[in-house]
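Here we start with a single chain on its own, the form predicted on its own, put down as structure tokens.
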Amino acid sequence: MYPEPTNIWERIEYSKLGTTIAESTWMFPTIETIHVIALVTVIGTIAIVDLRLVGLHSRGHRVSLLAKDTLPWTWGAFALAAITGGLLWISKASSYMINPYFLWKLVLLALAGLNMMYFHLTTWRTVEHWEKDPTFPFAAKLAGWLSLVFWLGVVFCGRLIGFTLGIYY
């Protein structure tokens, strides 16, 4: 039996769902595997567009068409990654909430989202005017580089979470 929860994170972790995932021999690894596959899909589809924005790949393709082709995959995989990530978090909420790598992962996810939102609300609105030029506007290139950096940081911190669980108390 678990001790009496002393904070909201322990209440979540010691919930029926949290303990079921944590105590199961197969649930956590299965959820984690799905989470990793979904995250790889998210980052891979985003990287296709970002690498085009910064001019390192797919120069013969229009960025709007690349985005149109990859966006459904990105959002579907992101939804799956968010659901599975939430389930993983529930099983160890109190440990995750004091782990600096988990907190940095959340910050980097937020920064990636804000970068995407700003890009789509500003620079992307005029994509039909600049995507045919050999060089993209600085704002498009900056958004692509920032996105790549933020998402690589998410992966880096995500890996470190697994190696540091139980270190921080």
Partner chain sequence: MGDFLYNITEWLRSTWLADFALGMSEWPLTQWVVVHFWAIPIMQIIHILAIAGSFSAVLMLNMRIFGFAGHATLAETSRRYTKVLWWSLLFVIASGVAMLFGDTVRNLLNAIFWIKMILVVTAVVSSLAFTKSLSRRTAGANGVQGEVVGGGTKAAAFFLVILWIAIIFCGRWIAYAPA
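Positions refer to the first chain, counted from 1. On a predicted model such as this, the values are computed, not experimentally measured, just so you know.
If you look for the form predicted together with its partner chain, you will not find it shown, but the lines that follow are about it.
So in the predicted bound form, are H61, F156 and F163 all sitting within 4.5 Å of its partner chain, heavy atoms only? All of them do, each having a heavy atom within 4.5 Å of the partner.
Pick from 29-37, 110-118, 124-132, 137-145: which stretch has a heavy atom within 4.5 Å of its partner chain in the predicted bound form? Comparing against its partner chain in the predicted bound form, the contact stretch is 29-37.
Spell out, yes or no, whether the shortest heavy atom distance between F102 and its partner chain in the predicted bound form is within 4.5 Å. No, F102 stays farther than 4.5 Å from its partner chain in the predicted bound form.
Residue-level contact is defined here as any heavy atom of the residue lying within 4.5 Å of its partner chain in the predicted bound form; does L65 satisfy this criterion? Yes, L65 sits close enough to its partner chain in the predicted bound form that at least one of its heavy atoms falls within 4.5 Å.
4.5 angstroms heavy atom contact with its partner chain in the predicted bound form for W73: So W73 counts as contacting its partner chain.
Using the partner position in the predicted bound form, report whether L17 sits within 4.5 Å of its partner chain, counting heavy atoms only. Contact with its partner chain, no.
So which bits of 39-53 sit within 4.5 Å of its partner chain in the predicted bound form, heavy atoms only? Counting only heavy atoms within 4.5 Å of its partner chain in the predicted bound form, the contacting residues of 39-53 are V40, T41, I43, G44, T45, I48.
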